[in-house]
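First come two forms of one protein chain, each written alone as structure tokens, so that there is a structure 1 and a structure 2.
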Structure 1
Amino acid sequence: MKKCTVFILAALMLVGLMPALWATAAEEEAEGPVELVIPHYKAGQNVGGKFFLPQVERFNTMYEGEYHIVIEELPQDGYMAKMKQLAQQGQLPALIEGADNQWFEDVMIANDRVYDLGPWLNSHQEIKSVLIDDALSFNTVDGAVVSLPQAVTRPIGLFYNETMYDPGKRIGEMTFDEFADSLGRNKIAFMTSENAWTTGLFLTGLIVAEPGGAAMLRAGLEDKVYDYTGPIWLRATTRLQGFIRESGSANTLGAAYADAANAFMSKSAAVIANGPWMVNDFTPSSSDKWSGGFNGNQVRGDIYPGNSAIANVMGYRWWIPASTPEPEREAALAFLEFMMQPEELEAYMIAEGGTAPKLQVSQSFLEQQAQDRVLSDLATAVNADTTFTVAVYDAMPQSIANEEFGKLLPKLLDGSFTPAEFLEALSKKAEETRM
């Protein structure tokens, strides 16, 4: 009897599978517009998807019948590792955003596996003219433009909830001591897992507040820092440990990005360090992520104590693998061109903040941007004396930035490591990556 059931079950399963088999077989033969399947983390619940997915839709509408882009959701944590795996047998998608610098230079660029955007940029002067100079020179390797340089720079600072925390004056004008005092019993949304992004940003602010800190990080952009035992690191990490233990939100231990964001958007924490793209989560369309009386209109933006903000245009952004076949490359280039149109750049800056120094922006854009309180907070927070810096992540070897830093932080928090021990362990890990 039971056996009978099993066989019927198995038979039913197989019958159910037949259409799927046919479907997979038929899939390959479909003709029509060039379709790009782009695995990307800016999808689903990821905060970056809020602007990116509709942008892709706008592109698809504009090029209807010609090109079609499908975004396939990947977790942000692990995106680059997957790209490296795909690269290994030339199965890279036509568009990739960002790169692990060391790998990109040593493997992809060194082996001519990246499509040179130079000629394309030369024939699209309107795009080339809005690119930020530093970004363009960083992305020009041996005369080839290896990834699309940025036109928009977005200073990364922090956000706070004004119904919980009233700094009294601009945070950028405070020292970290004053900031700690003004914070009172309010909490900061730190992370201690994944890459510990919000914590790393805060640490960056602390490092820049130390004399020589900004220069050290800047130097680390090209020659990664492997030794973290110096006095700047020690002082900054000691202060970080103080902040995490005194002011870390209740869920800090083991918190992933979503936990930190949750803490901020449920009023369990009053402050979170993050980039301007997070304003997507403060618009009413994200209200399903809010709880505990949180509302996006309670959020204010500012930069770090000690008048510093993180802004780095010297990085690799969108790139196309050299192996991409002609029609798909055309589609990918069309998408890059689409993103770089003045209207799209403006829409991007309205949604996720930032400034485009070389772009002649429209009047309506300026008005619109002024209306968004958080973004104008950020825009007015910077002044002539503001230090713009690269983040600690830019100065660390990839596996330290992505894995070890976040994995060691819980030990700093629960006190099983002193700051000196923490930095020593981190340095040892970094040393091992050099073999």
Structure 2
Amino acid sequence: MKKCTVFILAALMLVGLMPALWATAAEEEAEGPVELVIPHYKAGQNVGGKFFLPQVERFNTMYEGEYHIVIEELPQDGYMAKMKQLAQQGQLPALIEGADNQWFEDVMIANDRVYDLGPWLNSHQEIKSVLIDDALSFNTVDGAVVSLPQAVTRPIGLFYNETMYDPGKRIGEMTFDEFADSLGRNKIAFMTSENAWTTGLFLTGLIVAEPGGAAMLRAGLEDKVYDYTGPIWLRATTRLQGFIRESGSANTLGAAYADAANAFMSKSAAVIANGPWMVNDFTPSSSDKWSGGFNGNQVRGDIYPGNSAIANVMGYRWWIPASTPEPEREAALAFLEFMMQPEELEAYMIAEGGTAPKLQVSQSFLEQQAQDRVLSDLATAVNADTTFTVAVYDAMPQSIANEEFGKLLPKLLDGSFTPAEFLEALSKKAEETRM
């Protein structure tokens, strides 16, 4: 009887425990990996997705069962507007890349709405040690590190087709007058639609060639430039108008980025201003974009006349909202740590170009880099005397850089505006953004 009673009591206890055991198992099964949904423009057909999306998949594989990132595609032009909207709604994702500086500083940083990465970096000296000093300094606000500083910089310069154009010497060693003479009848792939990206980059080179131009653009990072009527802007814009009229590709008026890229990769233009990410378009896997006898192995790279290159390390990159719950924050930090691994930094530089000045790169990286002639061109074009600067887009208010510059540029091309009138109209639009 005693044994029977013990069995009965044990059975009753087990029955009583079963719901709790089932609940615990269900909770563990329901938890699964921490999932981060990151809205981002580096998706779909966006050129930035070519490296970023596979990188996300590598992270998901490494942390399978623990963390999982899902990229939600957003258009690039509307990315930051969407982040601002989500901030107002209190629904920001765990990771955001980049920011409208003024909004980020006045709304997010000023109100302690950004997670401080400083303690995390201090506990990860292998990451902190490779960060570019100027980038770390810029991102340190009142002792807090508000976004992950850059370890890699990718100087933006020029690409040219050596079967069409023989500069005779490095373009970076020329003046702009010498460059114009060497160009002859060859064309440059300008654009006047969207944000007029390739044209704005070329204008940047012209501004930096003017005394005081580089310092003026750098100052625009801290205090945006709203008045473009000064002598530096006027001289550079006058020269830009001359280059567009004399050397602009036939499709320049109304050309979007795809049109400018097509002009270069169909041999309708011999030169294009763009960043090292375009190198992907010169590989055989992108040959469907080629026409007119173009081949990626015809391309060479260089920086701008006057020995200048565009490289902005003083910007906000990946950041985490302070409101992010701890599990999601840990997943976000794990992704940042993953991206900063030497293997990932090297893979990034092989895929999109650039240099990590404080990273001890592997021999394998050096061998791979040497295999890509264009990346090697860009890496060796800079020297101790090269002037690095930000682009005109970094110095302008966001709406001027992304919209108004491109909207007004056709009037400079067709003669509706003189350079002075163009700059006055652009300045008026900039002033309106202050209101």
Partner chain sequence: MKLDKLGRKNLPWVYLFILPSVVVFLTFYLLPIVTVFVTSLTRWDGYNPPTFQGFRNYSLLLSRSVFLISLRNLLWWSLIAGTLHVGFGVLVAFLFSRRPVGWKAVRTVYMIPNVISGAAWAMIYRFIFNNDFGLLNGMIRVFAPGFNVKWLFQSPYAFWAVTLTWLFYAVIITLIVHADLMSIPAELHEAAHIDGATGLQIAWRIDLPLCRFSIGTSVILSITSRIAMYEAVALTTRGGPGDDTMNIPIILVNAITDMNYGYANAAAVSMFVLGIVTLVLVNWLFRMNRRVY
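All residue numbers here refer to structure 1's sequence, counted from 1. Remember, it's a predicted structure, so these values are computed and weren't measured experimentally.
Comparing the two isolated chains, structure 2 is the one taken from the form predicted alone; structure 1 is not. Treating the chain as two rigid parts that move between the two structures, residue 119 and residue 256 fall in separate parts. After fitting the larger rigid piece on its C-alpha atoms, the remaining smaller piece is found rotated by 10 degrees between the two structures.
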